[in-house]
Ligand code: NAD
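Given as structure tokens, the chain that follows is alone and in the form predicted on its own.
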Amino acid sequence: MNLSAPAHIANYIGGNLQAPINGKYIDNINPATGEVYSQTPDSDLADVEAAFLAAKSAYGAWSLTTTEERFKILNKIAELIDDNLDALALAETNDNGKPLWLSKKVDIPRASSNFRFFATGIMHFSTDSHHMEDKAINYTLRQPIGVVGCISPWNLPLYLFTWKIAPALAAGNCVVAKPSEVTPMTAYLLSIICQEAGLPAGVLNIIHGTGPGCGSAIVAHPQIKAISFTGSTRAGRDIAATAAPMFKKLSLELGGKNPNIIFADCNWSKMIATTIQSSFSNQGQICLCGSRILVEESIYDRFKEEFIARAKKLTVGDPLDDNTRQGAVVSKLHFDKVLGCIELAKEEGGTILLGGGAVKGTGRCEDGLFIAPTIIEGLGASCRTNMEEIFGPVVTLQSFKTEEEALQLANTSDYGLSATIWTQDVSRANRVAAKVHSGIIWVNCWLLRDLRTPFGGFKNSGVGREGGWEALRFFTEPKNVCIEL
């Protein structure tokens, strides 16, 4: 099995690797070097239709396979991901710009965990029954939907791609999936792994292309019955506008503008080390990053001084260097967007305490897209910088005096994905966790993930939940059967 990056990526339709029907391709660029190192299909409606027909043809047999048989195949995919860790990690880093050590430690292991978790989970998935005294018994059947669409983002490419595909396949659906055209390589390599693992032809189809040209065709297809999407709130709004009138099932995991609430009684050393991670991991390109840091007034100056000192030590540069802590941002478009957000913060009256601009790469990375870790203070809670998702290595600092003020600041945002609370007071932790308007709350930790738990946000952060039984429920239809006694 050859998992090296090809000059031309192929679509995966009906178990075969094939060129886009229109013959068109998009440049695939390594953001750390600026090099065009492969070509990605610029697929359109014709490819989506071919993928749908392949999925439709495969559905009857796949939906009737036993859960044990599905487990064996999906678990084999997980094993092959583990066996090819180095090749997949390098592909992820070259595509995305993140440090290679991060791809090896987080992205690729989590991709195999996703397949392994849902492969096992489907064998333990249970349903309800209800006994109506001496009248009847009701029980619920959970049946696959049919052909479903999965669309994933560029920030955690294989990690989030598999997070959607694995439960859909485990539940007995067939899938038409689209990775981001900005980071397509590991999805292509997954195609080869699926062939090697013996996944039946047509069960999973991977189409490469842009959102308007390819993603929209998946969303609008009249016979694709459910859409699972992770990406921007703007794109999620467009998807909902198309899919909702067609009565498709929708799971939308969208943006975040997450508060990191730090009380004076926190475990200082753990808090400061973790806050560096939650601010700048993956160049701040994680929807769960704590981009609004709220600090109790009595420790604000101490926090600011140490936080800046630690952020200064983050090495920005070549993602293949083990010492690098900040790689490149994902694309020139995103690079310009993040720098534009920093300029907006200045216009709004913010003070740049650290960073605030691009970092010039050296050697092979001379033309790379690097941005310095950036810390901003002096902005109000309702300004655009504190309300809009930046999705880069940029955080703001705000102080608060009371618990009530901290909650008011935390809940000002239109987003509600996650929040982190730092305190040693268990009563306060429970009290604040209950009142923060976010779908995921971490207390004295960050990004500690149990795949059994529901994942998703409030407000503009999305619709529905992923993970655990929630994902398997989403990818199945419940049917009540009532039998009179």
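Residue indices: 1-based, along the sequence shown. This one's a predicted model, so the numbers in the text were calculated from it and none came from an experiment.
Below, we refer to the form predicted together with nicotinamide-adenine-dinucleotide (NAD), which is not included among the displayed structures.
With nicotinamide-adenine-dinucleotide (NAD) left out of view, which of Phe52, Tyr59, Trp446, Phe455 would have a heavy atom within 4.5 Å of it in the predicted bound form?
-> By the 4.5 Å heavy-atom cutoff, the listed residue in contact is Phe455.
Which one, Pro319, Gly256, Pro259, Gly368, lies within 4.5 Å of nicotinamide-adenine-dinucleotide (NAD) in the predicted bound form by heavy atoms?
-> None of the others qualify; the residue that does is Gly256.
Please state whether every one of the three residues Ile151, Ser216 and Val219 places a non-hydrogen atom within 4.5 angstroms of nicotinamide-adenine-dinucleotide (NAD) in the predicted bound form.
-> Yes, because Ile151, Ser216 and Val219 each have a heavy atom that approaches nicotinamide-adenine-dinucleotide (NAD) to within 4.5 Å in the predicted bound form.
In terms of non-hydrogen atoms within 4.5 angstroms, which of the given stretches 345-353, 299-307, 178-186, 191-199 touches nicotinamide-adenine-dinucleotide (NAD) in the predicted bound form?
-> Comparing against nicotinamide-adenine-dinucleotide (NAD) in the predicted bound form, the contact stretch is 178-186.
Answer yes if any heavy atom of Arg234 is within 4.5 Å of a heavy atom of nicotinamide-adenine-dinucleotide (NAD) in the predicted bound form; otherwise answer no.
-> Because a heavy atom of Arg234 falls inside 4.5 Å of nicotinamide-adenine-dinucleotide (NAD) in the predicted bound form, the answer is yes.
Evaluate Ile239 for contact with nicotinamide-adenine-dinucleotide (NAD) in the predicted bound form, applying a 4.5 angstroms cut-off between non-hydrogen atoms, and reply yes or no.
-> Yes - in the predicted bound form, heavy atoms of Ile239 and nicotinamide-adenine-dinucleotide (NAD) come within 4.5 Å of each other.
Considering only heavy atoms, tell me if Thr210 and nicotinamide-adenine-dinucleotide (NAD) come within 4.5 Å of each other in the predicted bound form.
-> Yes, Thr210 lies within 4.5 Å of nicotinamide-adenine-dinucleotide (NAD) in the predicted bound form.
Thr324: touches nicotinamide-adenine-dinucleotide (NAD) in the predicted bound form, heavy atom cutoff 4.5 angstroms = No, Thr324 is distant from the partner.
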